[in-house]
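Below are two forms of the same protein chain, given as structure tokens: structure 1, then structure 2.
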Structure 1
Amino acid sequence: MRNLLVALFTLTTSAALAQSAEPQTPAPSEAQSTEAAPAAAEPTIEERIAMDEGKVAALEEQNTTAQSDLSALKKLKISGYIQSRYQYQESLDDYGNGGFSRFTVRRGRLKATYTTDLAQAMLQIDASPAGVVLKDAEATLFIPGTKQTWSLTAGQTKWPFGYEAPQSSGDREFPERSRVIRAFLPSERDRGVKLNGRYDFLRLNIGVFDGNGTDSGTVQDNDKDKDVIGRVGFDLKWISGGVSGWYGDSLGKLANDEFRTAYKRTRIGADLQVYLDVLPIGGTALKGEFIAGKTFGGANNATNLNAAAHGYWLLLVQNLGLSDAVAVRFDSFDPRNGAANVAANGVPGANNTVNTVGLLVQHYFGENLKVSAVYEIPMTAKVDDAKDPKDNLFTLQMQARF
């Protein structure tokens, strides 16, 4: 801010100085009095040149100062996006209660990034009707001598696991991440430190984190154990992917536990993205990801200690010219990890497998406004006479970013 004020002040004074250098037309009365007075000595050409040279030198000096101040400001980037939605859901939950028709502001992100050759500071907040929360607070060191290809980031940051979790919500095609990602990587973020690097087409991201994530409800970690999380990937431009791993513990009590116990919190994952330029109407992308592991997040941030689960998603995106795209996504999550699905009181069990088909139509208005219409059809595994609940969801989202 101080730099901005200095720059504005300098530019203002430059303009004022430039104006003062312009010849002034005297007012009529002044012109008359000048005629009456004895003629003043006119400055010589040399004197005028010297005077003008002095003024130019002063302007150049001020310009250099302004440039220096502005170059510091260029290191600061403010960005963000707002996602406003209308949503209609047939039923509120799998049991057929309620349903809704509502307007909401899902995300209101404001991100400030200051980048120098050696370091980067990034702070991102999310302002929505639910309140203002800290999303990211990262301090990054670009490891000297690596031309910013290797870096170390500490703070509150995204888990380096898989593809969809680290992807920005502003870039993602569908409004929400798939069910398996929301279960295994709720909030996508945690406090810790991570190493990011690339060598040729190889990518490495690995870190040590508290492990509970920012949605756990605890500001501080509740145990001494740390979780190790990482991804080894490759990027050959038209095809990219990677394998991810997570090893750690989660402290908690199951029904039969007398004391808190450290239960294994593990995940393995694989992801692949293929970008094709085969159709004349626009680019085609095929993406997919699979995750399996133990101790995942459930409804209301409840942690399913020691429980095993798996899931995957597949996405096909087709761009249509410059401004439009259509996509279809299939995502599947099995919280019982292959165990038989159940029914109770005529409805499927809360932890039954859910397969979801999503259809998307997307249009860009200019450079920064995206409108998406999405229809999602969740299909909960049916058992006996327990029917798949009517819980289809329609979302119309307008996203403006800056």
Structure 2
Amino acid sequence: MRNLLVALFTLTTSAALAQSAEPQTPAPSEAQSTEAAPAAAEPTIEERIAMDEGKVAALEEQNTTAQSDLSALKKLKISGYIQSRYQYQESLDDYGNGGFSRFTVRRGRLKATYTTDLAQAMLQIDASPAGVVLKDAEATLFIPGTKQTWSLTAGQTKWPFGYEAPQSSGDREFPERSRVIRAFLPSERDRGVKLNGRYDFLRLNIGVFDGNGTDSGTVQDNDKDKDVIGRVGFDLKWISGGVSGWYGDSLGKLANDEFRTAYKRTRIGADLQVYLDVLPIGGTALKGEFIAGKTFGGANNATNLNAAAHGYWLLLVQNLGLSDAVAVRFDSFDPRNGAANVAANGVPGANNTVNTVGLLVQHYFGENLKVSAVYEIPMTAKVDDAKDPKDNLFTLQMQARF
């Protein structure tokens, strides 16, 4: 390549010199009346070759620098998505209390990932009307000799538990996670370290975390105990699933406690996903997950210490061609874990079982934009003369991603 450039440059230079050497009729000027200056000596062939080689070397150096810069840029990936919504919730009672009609930006994610053969750095923030918060800050080591199939991640990262909690909000069908996930894994993230690996169709994710999650209102753990969280799963493409476990403590005081006490924070879970392609109108997905445990989150970041609960969700998604889909989801959460539901002053108890039916219609405008219309019908268990609150919710969401 270098020799070819030298030859081309030499031929070009020689042609130009030949043209300049052709006799031309000089224009009359005052210079003709003066004594002509002595002509400069033409460079020799060796000098022209040396000059051309220097220029080719400079081009090669510039090319090497450009390739180095391009290689570094290929390791950096910038991505993200924006979820803009309109929501309408009907009034909670016949007197017009509660409910809303509002526009909002639910999520504005910006994610930067830099990956090399041995390491990966990932930072994700969420910018919304509520402010800018850190979602993920991960430092990952790809264990040498494993071809990036095994890795160790430290920082602020998602809990390795179940299916819906680690799933990206940009990929999920419904705008929000099911009620049982929001109760047992309220922020989906925590600070800690986890091991990720796969062998053939088997999957393993296990880690040690502070345990309180990033929605606990503090950036530091409030005790010295750590929680162990993990999932063992499988992936056969058309069917996948796993079982998850969580063991740890949560420090706090109940009404009869004089001092703070460490209460058990435990979960067990199982999830399954089936993908079928038998209908001519498009692919079908069936998904489900069950979780039971003790000590879980409540409204306004509250913690239900030492309380047992369980819940599950089932989801059916049917694609209609390449650009449309419909889905139905049923999720159930029982904060009383089988105990009788209650009522007071004509309204169901705050911890009564809630079953929710959700209906979704979705359309993709290309690869980067999708619009979802969702109608959710929560049904709170009622006893005696208590009435189910009128809290049906309609959500129209437009998501753009890059």
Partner chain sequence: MKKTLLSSLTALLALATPLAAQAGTITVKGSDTMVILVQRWAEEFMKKNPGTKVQVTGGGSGTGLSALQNGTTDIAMSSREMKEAEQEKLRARFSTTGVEIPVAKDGVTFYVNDTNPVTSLTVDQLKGIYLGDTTNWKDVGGPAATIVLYSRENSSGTYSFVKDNVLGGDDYASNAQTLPGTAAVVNAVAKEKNGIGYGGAAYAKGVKELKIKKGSEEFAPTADNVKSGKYPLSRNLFFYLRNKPSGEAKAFIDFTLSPEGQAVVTKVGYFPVK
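Residue 1 is the first residue of structure 1, and the numbers go on in sequence order from there. Under this definition, the rigid core comprises the largest set of C-alpha atoms superposing within 1.5 Å between the forms. Treat the numbers as computed from the prediction; the structure is a model and nothing was measured.
- Only structure 2 is derived from the form predicted on its own.
- Core-superposed comparison between structure 1 and structure 2: the Cα of R48 travels 2 Å or more.
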